[in-house]
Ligand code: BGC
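Next up: just one chain, as structure tokens, the form predicted on its own.
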């Protein structure tokens, strides 16, 4: 009888453990957890598996309106990016501060006009829109389009007659500021944020009105460095970008004017941490605003902010200039407050990068992800796209059942349905 009792207790314990493994976690801030802490071979339907959109927020590329259906695909769906408006204002302020500090020598040809050229990454991308607006607002060249600042490219505007911008001013500087030219950097195959196109553009602009160009501005460092290396470094024309890529940070010592760190270390951590929390069936804020068992935690308001309505985590930006660039020389270093190893079971994640040639995503973001995936015990399959067609990526998600979670970086922000349709 005693042996039967032991066997019965053992079976009961095994059953309890099995049920616990299939049980859901408690409701988390921003949505309930499905507790999908099973392997890909388990019983979780694809439509219920954790999804994180990252870097490109599901939205209408014409209006900027967020795609609520994509952001609420299931209870474990979130977006991770950075605060585009805060970063855009920071970039504009950085450039305005530079002009103030160099007002006596910045007008290269002495015509009384500080002329700048602007490389626009993607006219339909919310981040690109924000950065164009941020620069124009800070330099006084902004023109209102309804209630918002016009973000369209002006082509060539050496005479100041363009309708999408106006001549501006910066407080304390007795010189006009003019957007001499701006262009969306899209190549012939349709890829946007294209560095080679930016390099060609600065060659064309400099041939047409070179000594009028006093500042070169870019929506990102990939395009900024292409223009810097092609022309402005030799001419000692300050060039400003965005992303704090390692090569751009290093180039500040050689005259690159500055860049903006979008806290890629925090973004990469959040991209995988949100998935890890959903897979473990714990509160989504574990290891984010709430310290986890290993001691990982971020500081809300300093490192990131969370918008519950938008189900979005936004890393906060930092200006990188000649005064502090040495603190940012390694863009792939994990963020110390969230660098401790977790003990969770291994899970498999499908993650795509919309353009395998993108400088920021390839040289900064992916190396960070690869360091964090090890810390979080995630087996991540990295898929590199061509930057042009969604199908180049979606065609490689033929069997979503073999994955526990998905991290998605779209080619176009309108195309979230191309991915969710594969998970239905």
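Positions refer to the first chain, counted from 1. The model shown is predicted, which means the values in this text are computed figures rather than measured ones.
One more form of this protein exists, namely the form predicted together with this ligand; it is left out here, but the text below deals with it.
Selected contact from 354, 240, 313, 228, since only one has a non-hydrogen atom within 4.5 angstroms of this ligand in the predicted complex: That would be 354.
Of 277, 262, 141, 91, the one that lies within 4.5 Å of this ligand in the predicted complex (heavy atoms): That would be 262.
Contact flag, residue 220 vs this ligand in the predicted complex, heavy atom cut 4.5 Å: Answer yes; at least one heavy atom of residue 220 falls within 4.5 Å of this ligand in the predicted complex.
Residue 350: touches this ligand in the predicted complex, heavy atom cutoff 4.5 angstroms: Residue 350 lies outside the contact set for this ligand.
4.5 Å heavy atom contact, residue 360 to this ligand in the predicted complex: Although this ligand is absent here, residue 360 would touch it in the predicted complex, with heavy atoms inside 4.5 Å.
is_contact(residue 107, this ligand) in the predicted complex, heavy atom dist at most 4.5 Å: Result no; residue 107 lies far from this ligand in the predicted complex.
Interface stretch in the predicted complex with this ligand - options 251-259, 98-106, 178-186, 123-131, non-hydrogen atom within 4.5 Å: The contacting stretch is 123-131.
Members of 184-200 lying within 4.5 angstroms of this ligand, judged by heavy atom, in the predicted complex: Result: 193 alone.
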